[in-house]
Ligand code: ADP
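Below, in structure tokens: the form predicted on its own, a single chain.
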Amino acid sequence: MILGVIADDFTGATDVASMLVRAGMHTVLVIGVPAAGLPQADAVVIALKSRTVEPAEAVAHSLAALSALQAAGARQIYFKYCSTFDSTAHGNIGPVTDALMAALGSDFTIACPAFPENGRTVFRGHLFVGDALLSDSGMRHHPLTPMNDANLVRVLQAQTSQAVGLLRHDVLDRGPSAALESMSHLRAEGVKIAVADALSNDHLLTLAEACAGLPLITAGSGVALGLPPAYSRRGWFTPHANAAELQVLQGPAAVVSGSCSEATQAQVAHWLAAGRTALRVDPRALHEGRQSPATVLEQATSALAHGPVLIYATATNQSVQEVQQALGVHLAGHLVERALASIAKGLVQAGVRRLVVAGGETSGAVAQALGVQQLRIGAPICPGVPWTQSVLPGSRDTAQLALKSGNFGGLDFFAQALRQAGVDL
């Protein structure tokens, strides 16, 4: 193994794995830390569900993943978080970074959530989502990790006792040698974590080349795009032309959406406007017993005879806030997550073999409900979202999952994903 990745949620794991496969690395994603050891591959991504848990729990899970990757011989470790730097005032990006650095004996690393292909850029330490500062984007309304500050140096410094500095875009413009020189100066000044600007893929490639020798990289998925070429130049591996090849599957298909991001709201609305079949999961109705996963599943399985069906709990920010006020943030989230996971499991048991899931928390819950342990990474549907494939536990059946971060994809993403998987709409 060359690269070992620790991802703080499931969609983030598929996102970074997609970037590696795109550059020719044979990549396997595993759900959680397996007791029986890790598979053989150029890169292994361990998907955790640690983004929104308590910092101490996130650190413990991340260190367990690190131990497994080290035991498998990983040359470099990559801590992957969201391209919108999703975190709270207390973590978990800072605490996990601190713990990994200490365990690896590392005195310096970078932090770079940039993913320009999806509109996430960092300029002078400030994160932009499209043309808006992070603090002016839809992320300011996120129900679990509202992001109200675009200054990543300030955000990260609040989460760590280590000095945080800035690696500027104009340094990266001059190439890897200039980046290495700047990193050396930052180290001499006592900086331990450098927030790195990135406005383009060229900046990501420069960062990857400059950081390929670090014990630890912390970033979104963007920096991973440049690591395989950097490894290849060092003679560590030869890119594989068929790294993204998956089987062609038949049978019913469905979409399960729990994300309430603005992008996913628009995608759900687009599906509905096209007149396609959709069933809404209502957290208040679940709580009051007026709706259950079983009743929704019964409706969905009947509808599958006529084509793909969307099951969604996606709602506007105002609706989410009203539900949270009525039920409490954690109960509302738990009700929806558990219901969608149960429905997704029932859909697969009913024969669905191509399943699109929208939302990081929802994707994690669905993967766990299905008992999926490993995913082979296929071709991207859009930047950061690939189709994946897994053998279903307890059977020889294979299913394909597209696990989408809430913020990713265009208006027609659901239909685009299904068409790419060979589904007729």
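Start at 1 with the first residue shown and count on from there. Keep in mind it's a predicted model, so treat the numbers as computed, not measured.
The following text describes the form predicted in complex with the ligand, which does not appear among the structures shown.
- The ligand in the model of the complex comes within 4.5 Å of no heavy atom belonging to Leu166.
- Contact check for Pro228: no non-hydrogen atom falls within 4.5 Å of the ligand in the model of the complex.
- Contact between Ala285 and the ligand in the model of the complex is not found at the 4.5 Å heavy atom cutoff.
- The ligand is not shown here, and in the model of the complex it never comes within 4.5 Å of any heavy atom of Arg353.
- Between 289-297, 319-327, 173-181, 68-76, the stretch whose residues reach within 4.5 angstroms of the ligand in the model of the complex through a non-hydrogen atom is 319-327.
- Thr362 is the sole member of Ser50, Thr362, Gln400, Thr27 with a non-hydrogen atom within 4.5 Å of the ligand in the model of the complex.
- Contact with the ligand in the model of the complex, defined as a heavy atom within 4.5 Å, holds for exactly one of Pro239, Gly119, Pro143, Pro215, namely Pro143.
- Contacts between 298-317 and the ligand, taken as any heavy atom within 4.5 Å in the model of the complex, involve Ala313, Thr314, Ala315.
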